[in-house]
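Quick heads-up: it's one chain on its own, the form predicted on its own, in structure tokens.
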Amino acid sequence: MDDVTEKREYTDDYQDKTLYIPGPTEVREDVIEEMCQPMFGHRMDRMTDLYTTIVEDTKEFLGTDNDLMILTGSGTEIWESSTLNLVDENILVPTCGSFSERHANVAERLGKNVDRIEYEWGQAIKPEDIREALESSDEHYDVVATVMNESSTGVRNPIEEIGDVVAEYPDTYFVVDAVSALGGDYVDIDEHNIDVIFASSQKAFAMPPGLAICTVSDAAYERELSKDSASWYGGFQRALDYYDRKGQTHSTPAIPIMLAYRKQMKYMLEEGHDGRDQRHREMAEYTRDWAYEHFDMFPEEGYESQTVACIENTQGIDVAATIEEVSEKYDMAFSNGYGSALGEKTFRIGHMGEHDVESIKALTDAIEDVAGL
């Protein structure tokens, strides 16, 4: 077995692959080119112009009146900071796959009391189970934390209905991990009591990795103010107050990625939240129809993701070999199932970002050819 910790020199002779994995995804060439601008200082007026533009454009795209912060980091940062900012003791985390389970693990690592509602992988979280847990528990839950798009299983959870339930408990805050969905799956943040919802730039936003996008309700902001301790880097007060005073980030950001973000967000505003949602819905419907023709879908029916298809390998194809041959023959990359449990039992197609039905069909044609379907 090779020692992967040994230096493997990065060269420039790698073959480009079209990405159909659950992220990162394809990025427009002119968006990438934006990162090649000369460097400037993060306390210059130019930075204020850049940061206020991407923040306000994102709020316009999402249609939210909530505050918004864009931090250098992945969505994982907001897992941690939202828990530190909002949870004193108890958090309720329904788990239905790897990433919802990881959210619970993060909270435990931070010393919080975590109650889980556990679902089999492939099943979706049910709002009535959230209601029952909130009604029957002797504990007060500071937060209910839910994943919108469980990319390990291809499940899209009904966060709107869950948010409506949590709204009946005004001292409990609703946090949504939308890392692999926001920007490609419409959600009315303000209408459904979502106190914190966060995403990463490299998924449905179709930007380079490196930025976490997060909206914060007034109630969540006030909640942090009332606590004795909170996250330093991801603190709502620190980030949002600095924005109000300076129009910048409190710490040095990844300026080149923000330049790319500015360019891509203009494209997203032109397409619109509804238009982007419709295009992703069409890709998801095409991929599901194709999967049902040749295989089966892994998620519970009616709860399929709009950005990541998890397809059950009912034909017993060699998933790893198929992925490798599609990569070599067609320069396309899709993903195996998540982890050892689903690695060969499923495979996943990321239909997100700037893809369309035509480009997804190019991949499914390639899979058909290689797998002999």
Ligand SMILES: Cc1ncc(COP(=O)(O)O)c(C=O)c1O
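Note that residue numbering follows the sequence shown and begins at 1. All values derive from a computational prediction rather than experimental measurement.
There is also a form predicted in complex with the named molecule; it is not shown, and the following applies to it.
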{"query": "In the model of the complex, S151 touching the named molecule (heavy atom, 4.5 Å)", "finding": "yes"}
{"query": "Residue contact check: S82 to the named molecule in the model of the complex, 4.5 Å heavy atom", "finding": "no"}
{"query": "A204: touches the named molecule in the model of the complex, heavy atom cutoff 4.5 angstroms", "finding": "no"}
{"query": "Contact flag, L182 vs the named molecule in the model of the complex, heavy atom cut 4.5 Å", "finding": "no"}
{"query": "In the model of the complex, the residue from N193, T249, S74, S231 that sits within 4.5 Å of the named molecule by heavy atoms", "finding": "S74"}
{"query": "Residue (of Y286, Y221, Y169, F99) lying close to the named molecule in the model of the complex, criterion heavy atoms within 4.5 Å", "finding": "F99"}
{"query": "Segment that reaches the named molecule in the model of the complex - one of 297-305, 239-247, 171-179, 184-192, heavy atoms within 4.5 Å", "finding": "171-179"}
